[in-house]
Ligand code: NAP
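Coming up is one lone chain in structure tokens, specifically the form predicted on its own.
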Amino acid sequence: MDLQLKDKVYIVTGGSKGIGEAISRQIVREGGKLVIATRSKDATEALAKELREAGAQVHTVIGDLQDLAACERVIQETVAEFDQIDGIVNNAGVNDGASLEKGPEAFRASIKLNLFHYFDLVHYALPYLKASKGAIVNVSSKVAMTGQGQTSGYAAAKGAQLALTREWAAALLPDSIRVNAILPAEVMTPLYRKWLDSSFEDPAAKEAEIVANIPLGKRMTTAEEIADMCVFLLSPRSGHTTGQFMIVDGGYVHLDRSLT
């Protein structure tokens, strides 16, 4: 199936590691032009070099998206480089463990880290998204629906991302801009591996315990499977899909636990 991404321009935040990297690779595989916006300079430059050598058109914007000026710069540089914006994938963030016990300042910092740039980028990109009748994909988390424990800030930010998905889908109907969200659950990324290795005396046993509770295939979802859903949602092939929460998780969140 031709997803009709060729020569269209997509911004991916946090697009050089984990799920973001998989999304970036899939966009260029489908012929899209890519802008990676992240603070991870070395990883981003290495990925961009690899993709360019394979023939992709890639622009990078290195900066901290917690800074409002950095978000505005992402949009300015994208338009200067490619003259259009066809979609935004809001992906950057981290489960930082800002729990109730850690207090109000940690909570506020977590919201700033994980939420504000989702709004800021779309705000600055809005005239260009209207011109292209583009698409927005917000990468949220199953934590928004299930909770996890000891991560109030991240959970609140991820829940707010779902609320913004529905709000923007409604607000942008007259402009034919589609807005959807993806909710990953258990996906083995570098951050997930770091969490396992730093949090448990026996990371392998903990991983096996988690995998045993994933109904479909008794395995974790791959970053590539999240990316496949993402590029479909960006694509005109999903042209009548908006305001949806797509849970790509092998049934982990919703299927009866007796199945495991």
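Sequential numbering from 1, following the sequence displayed. For clarity, every value in this text was computed on a predicted model and none was experimentally measured.
Although it is not shown, the form predicted in complex with the named molecule is what the next lines describe.
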- prompt: For the chain shown here without its partner, which stretch in 188 to 196, 51 to 59, 204 to 212, 229 to 237 has non-hydrogen atoms within 4.5 angstroms of the named molecule in the model of the complex?
  reply: 188 to 196
- prompt: Is there a non-hydrogen atom of residue 63 within 4.5 angstroms of a non-hydrogen atom of the named molecule in the model of the complex?
  reply: yes
- request: Could you confirm whether residue 131 comes within 4.5 Å of the named molecule in the model of the complex, counting heavy atoms only?
  value: no
field: Contact flag, residue 172 vs the named molecule in the model of the complex, heavy atom cut 4.5 Å
entry: no
query: Within a 4.5 Å heavy atom cut-off, is residue 39 in contact with the named molecule in the model of the complex?
result: yes
task: Between 85 to 108 and the named molecule in the model of the complex, list the residues on our side with a heavy atom within 4.5 Å.
output: 91, 92, 93, 94
